[in-house]
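Just so you know, structure 1 and structure 2 below are the same protein chain in two forms, each on its own as structure tokens.
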Structure 1
């Protein structure tokens, strides 16, 4: 018993004649004659009376056509279910965040992903850029935002934006920061990013021509804790300009006017998963999120 036979069964019962049923099913009359014959033989039940006018359901046929309709209806349910699922993603997409959610347009990203694939769950993991990249390689992340340069050849990178990084300190360090030379800076207490943080590179760069190195006061394992330390007056630190400006206006912190740096914001994913629909959807949504915000 196969579905095409049941479709024929139902159609013949409907139009009451093999010839017209054949036309409706875009096939030949002998073909559907064979379908009915095969069904009758397999089920060992006579489904139709053959009259000169055509085919008429037997009593048994009337019982079985109800069941045949049920089968075809459930297959139709399956088809419909499949078409609503079709092309859409399910499961969980794991995204690495190197900085705060607003800056990364996360609400826009979330909207785009769930609009396209309602069944998709989104898992977010905050961390330091380099570590996030390693997690992609390991397969525990599907993609991640990161600052700076990519050192892993397995990863593909998309450039999203450039951010400006400035040196800032809490309000009570305002006097010392104003017109401070680089040498002056080195004397201030620094909140140090951990070595793997891309900010580290700028600190090194800033002081590369000086024998004097900045004084370490505290280290911070995440951007969030670094900013908290910064505002509480523990010392000076590197901070995204867009984040620092409102705080400076509120008088919470003071920005050093001496020098600023440019840091690229990128998005990375595994090269070999470039064809993976989940990865493709992720990239597409990330890029769109940033395009829409630039306008």
Structure 2
């Protein structure tokens, strides 16, 4: 059994798709398939059910994925301990991204981390906020950006910034959105965030005093897919103001001039790892990246 096979196993389980796993691991889909097949043969256990739209862990796979995480985390801990003894950080730092890289100051973060620790490798995992927080708790991530609230007591939170969330609609809805009341908004087709998305509570708050509920036309599992549907002309959705303004100037969308919402951007990590040199370096780089844009 090789470590790269375990990394492939964990990555496929994480993204649920061979193509996306290959992209994340910078290899080919046939190579990913070969890794999984070899691991299944060695363990004599079927790890995944092959579905038309992806890969799903079997019951045995669900049990073994936790062990795989443990082995990989232990390996990384070994590298971190060795680098601490030598005075130089090495190994892989795993960071969760809940939105686009530019908003998260990823370029600055990368430069600061690599300048401080050139031997450190950076692994990025994209996802929605609540899922990324659970990945930290499971030990799959060293830290993650997230929007909204954190209810996991094992995690420590650092507030980085606040962003404004506005209601925007497809270009074809410009006339209906102009001077629209909340009751008028409810009659328009809405792109709904999934229940675990922090945007959901804003939608609920917007219509809480009205018996009429919004007309649902689609739901989206991520900010990226919601924005793509919005720009393609599907309907009305919540969107970050910093993204909405340039698109509105280009005439791609229309921003409703009514109520807006404030959404906090935070960074989380495991409390018990607060003294971990790797986590300390990560926190320092994240905080400095956001402080630099406030100066």
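Note that the rigid core is defined as the largest set of C-alphas that superpose within 1.5 Å between two forms. Residue numbers count along the first chain shown, from 1. All values derive from a computational prediction rather than experimental measurement.
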item	value
Structure identified as the form predicted in complex with the DNA	1
C-alpha of residue 227 moved at least 2 Å between structure 1 and structure 2 on rigid core	no
Core-aligned C-alpha movement of residue 283 between structure 1 and structure 2 reaching 2 Å	no
Threshold 2 Å Cα movement between structure 1 and structure 2 at residue 257, rigid core reference	no
Once the two forms are fitted on their core, CA shift of residue 34 between structure 1 and structure 2 in Å	62.1
